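One chain comes next, on its own, written out as structure tokens in the form predicted alone.
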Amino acid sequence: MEPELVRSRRTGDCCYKYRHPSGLSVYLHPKERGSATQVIFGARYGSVDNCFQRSDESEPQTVPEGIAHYLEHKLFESEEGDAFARFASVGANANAYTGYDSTCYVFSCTDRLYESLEILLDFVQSPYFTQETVAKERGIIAQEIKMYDDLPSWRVFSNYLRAMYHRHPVREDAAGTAESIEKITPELLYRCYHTFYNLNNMALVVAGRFDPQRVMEVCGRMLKPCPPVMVRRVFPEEPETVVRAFVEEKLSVSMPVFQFGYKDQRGPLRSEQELAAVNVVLEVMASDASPLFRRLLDAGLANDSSFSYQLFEGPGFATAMFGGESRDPEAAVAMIREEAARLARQGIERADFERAKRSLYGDCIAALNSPASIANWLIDSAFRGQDMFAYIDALAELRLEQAVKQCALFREDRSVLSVINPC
């Protein structure tokens, strides 16, 4: 089995890409310096995947909200015990997360890498669900849902998505609701597991200090062949409009929290060039070196510890967002709207464009020094059909007119403001 060698002509970094006979895509990014290694074993399966159609079936199926997150919880339990305890026994630090479009199982270590990798590949491929264990987990997840409902940062974001999207499942909480998780059964968990945890729908990433040949030897022993069943995500048609432009809620906070942004219907996923262009526009507009940020600080409408901006996107959804704490969210958003309108009308100054490009390029180079950053970047790129080295090239080669074109996403009639005010 010969790998495809993917090399960055700008940085000299390289990644070995394997298509294992089991169907799994394996990405190996060795680093000679350093002692830590980061490993991610992930499935292209997230909270938005509540309706899907297998390639060997004629009709799509709808399942309860929150099942991807529930499945992540349950996989750590098996007849052999708790996977966290197994990782602790070899000195590895393990975790997992369910996003909107993927579920990932992660560990980092400085020693006993290959034993840790065996544990990871073993428990993720060994589902064990019973009526008793599934019922026990229901109470734990219900408490987690309640905990998030009490977090202002989560509530302002959740309300924002519900105000922006009419039908797309990104508007629903990733963990589901108290009502939806009551419908989750062992049979449904096995059904979703065997659909989405098919190795043809998964990827393994290893970044840091390791021997690629030994990693592939472990894969050869541990990976279980899967039938080549593919899965198609099924989403309802989403209107271009937003549900409502403003949503407000009161919680126990000392200062108001806001989330503001623009719905972008040009997706669902961008090329590396388009992604680089949008990120440059947001950097020009709202970074801590931008005139907008300085005006917000001078007016006392933002603080440098909480103000943030990002492009949040996935299958069938995309939005450019700004948020943080503010004593007057509506005044802060008025400044953001004004700057967005100015950029859409006048374009971007070349000096600002070059500054933003250099800043983002520097962030990329810094990320290549961190095994954790590399691993997360590789898994995200794999699941989105992108290439992290191609993104670096696209960013370096981006032209001003390509960035200016992306200012069209700032449409006032597709904007939403979500606010959490003090009780």
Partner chain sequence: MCETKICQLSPSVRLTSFTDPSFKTMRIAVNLLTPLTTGAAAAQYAILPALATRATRRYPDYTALGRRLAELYGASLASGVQQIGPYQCLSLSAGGIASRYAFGGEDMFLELSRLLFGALLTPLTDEEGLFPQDGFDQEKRQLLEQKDAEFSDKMLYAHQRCHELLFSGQPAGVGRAGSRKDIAALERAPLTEAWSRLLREARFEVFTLGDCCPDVEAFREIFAGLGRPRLLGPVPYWEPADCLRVVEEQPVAQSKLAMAYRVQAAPEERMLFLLTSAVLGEPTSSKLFLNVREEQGLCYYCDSAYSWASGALFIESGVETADLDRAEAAILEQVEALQKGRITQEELRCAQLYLCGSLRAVEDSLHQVEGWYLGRAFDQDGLTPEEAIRQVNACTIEDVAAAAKRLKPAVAYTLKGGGEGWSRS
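Source: prediction; values computed, not measured. Residue numbers count along the first chain shown, from 1.
Separately, the form predicted in complex with the partner chain exists; it is not shown, and the next lines address it.
A single residue from the set R10, K17, H20, K405 has any heavy atom within 4.5 angstroms of the partner chain in the predicted bound form; that residue is R10.
With the partner omitted from this view, the residue of Q310, S126, T185, S89 that lies near the partner chain in the predicted bound form is S89 [heavy atom within 4.5 Å]. Contact check for F84, S252 and D352: all three have a heavy atom within 4.5 Å of the partner chain in the predicted bound form. Put simply, A302 is close to the partner chain in the predicted bound form: some heavy atom of it is within 4.5 Å. Although the partner is absent from this view, L368 contacts the partner chain in the predicted bound form, with a non-hydrogen atom inside 4.5 angstroms.
By the criterion of a heavy atom within 4.5 Å, E272 is excluded from the residues contacting the partner chain in the predicted bound form. Among heavy atoms of E325, some come within 4.5 Å of the partner chain in the predicted bound form. Note that among 117-125, 197-205, 133-141, 227-235, the stretch whose heavy atoms approach the partner chain to within 4.5 Å in the predicted bound form is 133-141. The partner is not shown here, but in the predicted bound form the stretch 274-290 reaches within 4.5 angstroms of the partner chain through a heavy atom at D288, A289, S290.
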